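As a starting point, one isolated chain is supplied in structure tokens, in the form predicted alone.
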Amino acid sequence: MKPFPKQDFTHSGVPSRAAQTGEDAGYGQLRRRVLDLTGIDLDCYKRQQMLRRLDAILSRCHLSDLGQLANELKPGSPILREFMERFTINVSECFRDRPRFDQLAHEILPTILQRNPAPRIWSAGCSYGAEPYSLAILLKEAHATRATILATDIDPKILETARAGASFTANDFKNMSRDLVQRYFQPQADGTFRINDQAKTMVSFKQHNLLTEAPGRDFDLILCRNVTIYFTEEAKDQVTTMLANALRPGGVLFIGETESLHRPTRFGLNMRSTSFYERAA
């Protein structure tokens, strides 16, 4: 059980309520409760980032301390839904980091498809579906109709949004040509867009915690981008080991543009280029 250190601060320089409450006010109780209900281990997240999110949750839910938050977390409760929405990060857009997606389209995928015309792909931490549907569009454009995409996230509510594929806005298309948007997305009466069925059917969704066993093996390509940046170094190594083991030999791990793996060979990976790592044969 680890108390919050007193030196944790909000952006204003004033200690957050979460930082001030410490272990005596219920951090241990909250950690156990969150772990039981969601599978999220608070100790696997970087301390200051976690404190900021917890403080936002306390303010949003009008709660005084972490012990009270722990008591309010119940299966199916509005407080639990609020916790998941605030604690998980759902920032995304179609073809996010477009230069890396171009590299994926022109260098990585052709090699994968040459080796296996029916590749298995995993989008880990898929949020509301922008990433896996971007993959589906790339594969459709490459006529790789036998490919399958598994998309996972820890947040069950965001997975419902992803499965529906109907909550995209113009902001999601900043990295797409108008022609591509028109071919794969249908405008709706409320101004949002729906992914069309030919791309949608390539993707299946499943709830998954990255700090547990992989939801499958022998993937040809795994995307896990801008997720582990919130984890401690120990948790990050645990996730990277799991991801590497889930790849088939020659399979590729695609991480965020601002991320890197320290000594990737210890995970059985070789750096192919920026953001791309290949599992050794």
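Remember, predicted model here, so these are calculated numbers, not experimental data. One rule holds for the numbers: they count along the sequence shown, beginning at 1.
The protein also exists as the form predicted in complex with a small molecule; that form is not presented, and the subsequent description refers to it.
Exercise. How about residue 147: is it within 4.5 Å of the small molecule in the model of the complex, going by heavy atoms?
Worked result: It does not: once the small molecule is placed as it appears in the model of the complex, residue 147 has no heavy atom within 4.5 Å of it.
For this session: Could you confirm whether residue 238 comes within 4.5 Å of the small molecule in the model of the complex, counting heavy atoms only?
Result: No, residue 238 stays farther than 4.5 Å from the small molecule in the model of the complex.
For this session: Mark residue 125 yes when one of its heavy atoms lies within 4.5 Å of a heavy atom of the small molecule in the model of the complex, and no otherwise.
Result: Contact check for residue 125: yes, within 4.5 Å of the small molecule in the model of the complex.
Exercise. Heavy atoms within 4.5 Å of the small molecule in the model of the complex: does residue 211 have any?
Worked result: Yes, residue 211 is a contact residue.
For this session: Given that the partner is absent here, state which listed stretch (244-252, 28-36, 220-228, 59-67) has heavy atoms within 4.5 Å of the small molecule in the model of the complex.
Result: Within 4.5 Å of the partner lies stretch 220-228.
Exercise. Heavy atom within 4.5 Å of the small molecule in the model of the complex: which of 91, 118, 164, 170?
Worked result: Answer to the contact question: 91.
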